[in-house]
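Taking the form predicted on its own, here's one chain by itself in C-alpha cells.
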C-alpha cells in the first residue's frame, strides 16, 4: 500500500505556514475556476476558455463583474427553495476568494504551483451508444443579424419500442451551439424546419435540454430504482438548436447519442414526460406587469423525478409547487428567469406528491423597460404564442407512478455511482489533490476537488485520531459543510478504493 503523509507541526507554526494575510496568487484560486467555471469554459466548449492563467487573467474584469452581480455561474433555481442534481453554484467563500484575487491585481505568482487543469473528453457517457442520430453533416448556421432557431427532425429507424436509459447531446461546433431542446415525435411525421425561426414544439413530448456545461441525462439503472423513458417504434427525434447572432456561415454537426436498456430487460419503471401546466390566455399590455397561473390536479400519487419550467423573454419569475390545503410541497423557484439558461432539473430524491394534490405554476411577467430582456424597445403588447417575441407558460414534469418507499430512494447517489458516468478507476497520486482542498483555512464550506475521476473515500480526522466525517464518492468535487464542526486543526484523508493509495493533508477550520 502506497501512502503519503504530511508531518504535523505545532499550531503556531501552522498559522504562520498558512499566513492568512499573504497575497493571493493564481495557484490559490485555480481549483475554484476548475471546479466552478471550466466545465463550460474550455477549449471546444462554450467560449471564452478559462483553462489557464493567461486566459483567466484576460477575462478578470468580466469575471469580477459577473461574480459581483451573481450572473455566473448560471444556475437559475433558488437553492434556498429546493435542491437539484448537478448544481452549477459557487459558495460565498469561493466567490470572495476570486474577487479578492482580482482586486489584488490577479497576480500570477508561480503558476507551476497550480494543479494541472482538468481534461475533457468529447463524450461524457461511457461505453458505446445503441443509436447515434446526427443533424445533416456540416449544416451551416443561418444566424446573421438575429439568433436562429433551427429544428431538425431525425428518424430513429426503431422497429420496436425501446426503453431509453440515457442520452447526451454532443455539439459539433460547441462555441456556436447555444442550447438544444430535445423532443420526441412518437408519430414520426414531423419534418425539419431550417428557416431559423422554428419556435414551435411539434414533438409529442420534450425529453430534455442541452446547455453548455450541462451533464448528460441519465435515468437510474440499478437497484433500488431502474427507470427509463419508452421510445416508440417509428419515432423521430427533434432537435431545436439555437445558434447565436453572428455565427452565420459556421458549420455544425451536432449529434445525440442514445443508450437503451437491452431488449427484454424487466423491472424497468417507466418515466412519463408531460406538460400539465399550460396557460394560453396570456395578455401583457405594454408598460405593465402581470402574474398568470396554471394548475393541475393529480389523479394518482406520483413520484416526481424532475421539473422543466418554460417561458420566454418577458417572464422574470417562476414558481412551481404542489399543495393540498395548507400542506405545500416546494418544487422549483426561479427568481431571475432567463430564457437563455433554461433547463430540466432532477431531484436528489424522488418527490412524493399524493393523489388529489394540485400542482400550481405562477409566472410573473414584466413588460416594461425595467426588464432588460424585453424583446421590444419601447415595450409592445405581448400575448401567448410560440415565437420568442410572444410569451408562454409551459411547465413540464417527469414522474413515475408512486411505489411505497420511493421518497427514500437516494437518486443522487445512484447517479453519482452509475457506470455510465463513472469515468476511470485509476490510481490517485499526490498531484491529483495538491492544492485541490480549498479554502484552507475554511470558514463554512470545504471543497475537495480531484481532477482524475475515480472511486475514493474521504475521511476527516480530528487531532486525536477520531473520524468525524466520512463519505465514499466518484465525484470530482465534494463539498463538506463544516459549520457544525469545531474550529481547529484536522486531517483530510483520500483513499483510492481501487489502488489502495492513501493521501492526507492538514486543514484548519476557522469560523
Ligand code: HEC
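Positions refer to the first chain, counted from 1. Note that the rigid core is defined as the largest set of C-alphas that superpose within 1.5 Å between two forms. Quantities reported herein were computed from a predicted structural model and do not represent experimental measurements.
One more form of this protein, predicted in complex with the named molecule, exists but is not displayed; see below.
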Original post:
For residue 448, is any heavy atom within 4.5 Å of the named molecule in the predicted complex, or not?
Top reply: no
Original post:
So in the predicted complex, does any heavy atom of residue 68 sit within 4.5 Å of the named molecule?
Top reply: no
Subject >> 4.5 Å heavy atom contact, residue 458 to the named molecule in the predicted complex >> reply: no
**OP:** Give a yes or no for residue 294: in the predicted complex, does one of its heavy atoms lie within 4.5 Å of a heavy atom belonging to the named molecule?
**Re:** no
Original post:
Heavy atoms within 4.5 Å of the named molecule in the predicted complex: which of the stretches 56-64, 439-447, 460-468, 482-490 has them?
Top reply: 56-64
Original post:
Pick from 258, 329, 90, 360: which residue has any heavy atom within 4.5 angstroms of the named molecule in the predicted complex?
Top reply: 90
**OP:** Find the only residue in 172, 196, 118, 212 having a heavy atom within 4.5 Å of the named molecule in the predicted complex.
**Re:** 212
Subject >> Contact test, all of 221, 347 and 411, partner the named molecule in the predicted complex, heavy atom 4.5 Å >> reply: no
Original post:
Within 69-84, which residues have a heavy atom closer than or equal to 4.5 Å from the named molecule in the predicted complex?
Top reply: 71, 72, 73, 74
**OP:** Inspect the rigid-core superposition and answer whether the C-alpha of residue 58 shifts by 2 angstroms or more between this form and the one not shown.
**Re:** no
